[in-house]
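Below sits a lone chain in structure tokens, taken as the form predicted alone.
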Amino acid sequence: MQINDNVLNYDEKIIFSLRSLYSKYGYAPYKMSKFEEYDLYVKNKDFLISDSVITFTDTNGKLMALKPDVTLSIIKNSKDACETVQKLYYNENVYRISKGTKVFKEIMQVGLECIGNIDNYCIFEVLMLAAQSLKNISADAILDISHLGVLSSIIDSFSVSYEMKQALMKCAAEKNLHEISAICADNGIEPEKAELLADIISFYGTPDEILPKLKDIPELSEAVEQLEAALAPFEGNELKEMLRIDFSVVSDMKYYNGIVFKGFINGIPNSVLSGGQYDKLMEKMNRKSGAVGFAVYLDMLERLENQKGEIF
């Protein structure tokens, strides 16, 4: 069926472009209900972008919620197939507080999930599709990539409480080196370890610039090898120019593990895409499969709608 671009609005053009991209790589469309039992979100509230959820009572007395997230619904309603790989994409409305307006909105979200026997190629493919998704929206975009094992390898060696480790991760996300130094000094952490943490958080650049700097740090070897393996297939790919290594990209380690990433477009202050490996969430929901995926937040793209020039 031929689609006439002239009859499509801005969001529809993006959605059509991304759906075509994901289908090309074997991802199947996934449709779901507009609501789930509220209990699903209560148990995983830290996984949500916002813990504010719109609820209502069903006719049978169950407390239900308009879905603020798609990934949780997909995991809950999909089979736990450890020996195969399920490749799914979606474009679904979610109901949550918009970052732009600070009020509840019905937001169209597009994304994909790769679930099952996840290997390095699966991770590369998801990263590649994330980069291509950004490029389909704007030529002026970057994909910041991190590996949670890098920071956790350093912070886990500190003899501090879980709460203090979380505080350090928060500081890392904010690149707040002053507060990191203060926390380390207050908790008697060796200056060398504190300096190493600050250095790692300060790193920012292309994979070719950053990965060699990590080679001589023994405690990071496993995470760095995984990062290298996932990025190696980008060699010779024009999308490699969009990639940056940034260890301030962090996600809640109760749910995520391994590689995490965020996508940015020039002119928009917040990330318009985020994703990563979430094996720990799968485990928490009694699944044995691994998983990696991302979401594109169309509500963050409103600033681009009136820009001059071709988007696609």
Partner chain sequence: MKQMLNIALPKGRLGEKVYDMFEKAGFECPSIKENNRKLIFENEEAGVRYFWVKPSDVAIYVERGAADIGVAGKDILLEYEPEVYELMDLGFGKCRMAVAAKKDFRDDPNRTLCVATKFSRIAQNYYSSIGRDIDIIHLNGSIEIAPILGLSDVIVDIVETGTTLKENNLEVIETIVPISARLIANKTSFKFKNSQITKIMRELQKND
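Just so you know, these numbers come straight off a predicted model, no measurement behind them. Positions refer to the first chain, counted from 1.
Unshown form predicted in complex with the partner chain; subsequent notes refer to it.
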**Request:** Flag this candidate site as yes only if D144, Y204 and N270 all have a heavy atom within 4.5 Å of the partner chain in the model of the complex; otherwise mark no.
**Result:** yes
**Request:** Note which of K165, K240, K213, K175 lies within 4.5 Å of the partner chain in the model of the complex, where distance is taken over heavy atoms; exactly one does.
**Result:** K175
**Item:** Partner-contacting position among E179, D119, D199, E228 - heavy atom within 4.5 Å of the partner chain in the model of the complex
**Value:** E179
**Asked** Is S251 close to the partner chain in the model of the complex, meaning a heavy atom pair under 4.5 Å apart or at it?
**Response** no
**Partner contact for E219 in the model of the complex: the partner chain, 4.5 angstroms, heavy atom** = no
**Asked** Using heavy atoms and a 4.5 Å limit, would one call I265 a contact residue for the partner chain in the model of the complex?
**Response** yes
**Prompt:** Does at least one non-hydrogen atom of D279 fall within 4.5 angstroms of the partner chain in the model of the complex?
**Reply:** no
**Message:** Which is the contacting stretch out of 77-85, 146-154, 107-115, 166-174, given heavy atoms within 4.5 Å of the partner chain in the model of the complex?
**Reply:** 166-174
**Request:** Output the sequence-ordered list of residues from 223-242 with at least one heavy atom within 4.5 Å of the partner chain in the model of the complex.
**Result:** none
